[in-house]
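Below you'll find only one chain, the form predicted alone, shown as structure tokens.
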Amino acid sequence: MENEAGALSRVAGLFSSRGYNIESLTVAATEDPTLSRMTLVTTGSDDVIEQITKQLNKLIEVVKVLDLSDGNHIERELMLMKVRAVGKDREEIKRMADIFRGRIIDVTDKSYTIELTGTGSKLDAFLDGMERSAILETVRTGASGIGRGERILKV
């Protein structure tokens, strides 16, 4: 989509006015500073997804719509999690982070902040494996995706 003020608002407004839910949304400038790439995750029947695609294509700022789930793609999400880490729990939390290939990026005498990337299901599994009472704060980016191999988004 064009990298201009109000473009994101019009996409969100389209979803809101039609009662569609946005599960996650990430937007950032691309290698071309006049364009932004928006990765949007939503759910619905094939007919609903087709309707959403048609409506998005009608927006002036939208240059191209590609459904990544129509082909092979790579999808990742980032999560930052601050956990209570005191006493004997510190080693167990470090072990869990290592198992999930997470990194401890901040350490205090009472907490760790862990950075973890992967699919949404991997992040969910990490959350499920953590003691709920130890979790102080969680921030997730939502999914970003790109086609595998030679599959690229050409404008």
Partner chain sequence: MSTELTGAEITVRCLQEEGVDHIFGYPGGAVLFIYDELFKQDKVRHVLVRHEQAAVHAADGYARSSKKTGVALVTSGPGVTNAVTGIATAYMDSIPLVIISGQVPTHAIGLDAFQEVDTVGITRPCVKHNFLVKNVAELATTIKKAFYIASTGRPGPVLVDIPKDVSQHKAAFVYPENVSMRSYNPVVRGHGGQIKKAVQLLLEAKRPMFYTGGGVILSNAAEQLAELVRMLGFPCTNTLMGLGGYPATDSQFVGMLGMHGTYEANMAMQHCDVLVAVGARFDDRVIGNPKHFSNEARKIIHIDIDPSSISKRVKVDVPIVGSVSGVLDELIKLLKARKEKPDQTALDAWWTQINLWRARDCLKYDRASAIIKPQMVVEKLYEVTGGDAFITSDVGQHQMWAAQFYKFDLPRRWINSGGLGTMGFGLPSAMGVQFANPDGAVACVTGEASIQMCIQELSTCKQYNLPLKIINLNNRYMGMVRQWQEFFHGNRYAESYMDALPNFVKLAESYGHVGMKIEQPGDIQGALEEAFKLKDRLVFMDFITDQTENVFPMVPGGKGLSEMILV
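Positions refer to the first chain, counted from 1. Computed from a predicted model, the values in this text were never measured in an experiment.
Absent from the display: the form predicted in complex with its partner chain. The rest refers to it.
Practice task
Evaluate L35 for contact with its partner chain in the model of the complex, applying a 4.5 angstroms cut-off between non-hydrogen atoms, and reply yes or no.
Solution key: Contact with its partner chain, yes.
Exercise for the section: Tell me, yes or no, whether T119 is in contact with its partner chain in the model of the complex, where a contact means a heavy atom of each within 4.5 Å. Expected result: No, T119 stays farther than 4.5 Å from its partner chain in the model of the complex.
Exercise for the section: Tell me, yes or no, whether I99 is in contact with its partner chain in the model of the complex, where a contact means a heavy atom of each within 4.5 Å. Expected result: Output for I99 is no: heavy atoms all beyond 4.5 Å of its partner chain.
Exercise for the section: Report yes if any heavy atom of N21 sits within 4.5 Å of a heavy atom of its partner chain in the model of the complex; otherwise report no. Expected result: It does not: once its partner chain is placed as it appears in the model of the complex, N21 has no heavy atom within 4.5 Å of it.
Exercise for the section: Give a yes or no on whether every one of E2, K58 and V63 sits within 4.5 angstroms of its partner chain in the model of the complex by heavy atom. Expected result: All three within 4.5 Å in the model of the complex.
Practice task
Would you mind picking the one in R95, R103, K54, K110 that has a heavy atom within 4.5 Å of its partner chain in the model of the complex?
Solution key: Going through each option in turn, the one that passes is K54.
Exercise for the section: Identify which of D128, D70, E91, D47 has a heavy atom within 4.5 Å of its partner chain in the model of the complex; exactly one of them does. Expected result: Contact with its partner chain in the model of the complex is made by D47 alone.
Handout entry: Stretch from 143 to 151, 8 to 16, 128 to 136, 21 to 29 whose residues place a heavy atom within 4.5 Å of its partner chain in the model of the complex
Key = Result of the contact check: 8 to 16.
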